[in-house]
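A lone chain, given as structure tokens: the form predicted on its own.
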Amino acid sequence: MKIAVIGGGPSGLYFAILMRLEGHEVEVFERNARDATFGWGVVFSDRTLRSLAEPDLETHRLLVEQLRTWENVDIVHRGQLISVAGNRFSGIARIALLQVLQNRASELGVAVHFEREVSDPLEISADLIVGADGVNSLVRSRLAEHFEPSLEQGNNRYIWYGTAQPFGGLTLTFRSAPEGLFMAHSYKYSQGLSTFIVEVDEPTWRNIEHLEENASRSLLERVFAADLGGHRLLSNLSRWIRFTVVRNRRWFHRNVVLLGDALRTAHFSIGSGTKLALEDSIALREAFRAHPRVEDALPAFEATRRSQVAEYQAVSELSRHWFENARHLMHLEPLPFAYEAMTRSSRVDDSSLARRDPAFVAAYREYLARGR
């Protein structure tokens, strides 16, 4: 089978690798240059990493070599840090992830074409065409009448920076300033760099939207001065944007199927966007293993994967809405605030949190017993 993948991000490259291992002829068309990437680091849970071992052990090995792992989530509120143990995650530079996948694909004989824009996916001669070209997918746009996408904008704005400040774990920092409430999501992903995403709600945005990029960055460095430890915020075409919730009523049309952020998005606050992208690729490969014909595999992929994606998107939406309304919780003391942050979505409840960190939950229950 001849396969054309439009988009050289994680989902497109990983699917190309998996299908090449099955013996298929695969080409990848990426509109950006080889080393172009936006953002800084991405995170994986241990469960996600384990799921990558079976499909291609060599890719898994190469990724594990570059991971930085931590065990805790730290929540900073009113200047106090509350650390919650039992939350094992690993970070990797997005460019390092892409380089591992690019090199592995090339090693296997996948033809990867950089700086190649595909204007019309239906003009490509292939048995299977995969639209893995991101949240602003051209494939989805060109075939919108068939996919029937739904694109919803979140209320908050966010901007994605890097910093040389080494954070000890996944850190959620809440700082109030005269301009409003500023929320940072940060984690170390390499020896010398951390991701630092800053999110603001609508009232805060109205107070800062007039600022130019340099002035905006300077403001954030002042707001988070105690957290950055004297380090600067590093920009990589960083700009304020709103999160886009992507859904599609249909996942495929004829021999064209969507993957990754072109198909669906998950809010960055649950750290599952790249996880879902790679799992999409595995699920589509599995559909072809069970149903070798394109006309059978694509419906099977959607039938088996849709409920899993819907579950993660539901969790994602709970988390997104929590951050959009976080200012209403700023009156809480640090311990109950940290508990609210940890249980903001259906993925973590009191019992699962108690298994992760019994001491944290015991302290919270003692706090409640004191009537405070």
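Throughout, we count residues from 1 along the sequence that is shown. Since the model is a prediction, treat every value here as computed from it, not as a measurement.
We do not show the form predicted together with a small molecule, though everything after this point is about it.
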Exercise for review: Answer with one of 31, 347, 60, 321: the residue that has a non-hydrogen atom within 4.5 Å of the small molecule in the model of the complex.
Suggested key: 31
Check your understanding: Which residue among 149, 169, 271, 180 has a heavy atom within 4.5 angstroms of the small molecule in the model of the complex?
Key -> 271
Exercise for review: Could you tell me which of 225-233, 171-179, 284-292, 128-136 sits within 4.5 Å of the small molecule in the model of the complex, going by non-hydrogen atoms?
Suggested key: 128-136
Check your understanding: All three of 43, 118 and 197 touching the small molecule in the model of the complex at 4.5 Å, heavy atom to heavy atom?
Key -> yes
Exercise for review: Flag residue 187 as yes or no: does it have a non-hydrogen atom within 4.5 angstroms of any non-hydrogen atom of the small molecule in the model of the complex?
Suggested key: yes
Practice item. Consider residue 275 of the chain shown here, and say whether it contacts the small molecule in the model of the complex, taking contact as heavy atoms within 4.5 Å. Key: yes
Check your understanding: Can residue 279 be called a contact residue for the small molecule in the model of the complex at 4.5 Å between heavy atoms?
Key -> no
Review point. So in the model of the complex, does residue 240 come within 4.5 Å of the small molecule, heavy atom to heavy atom?
Key: no
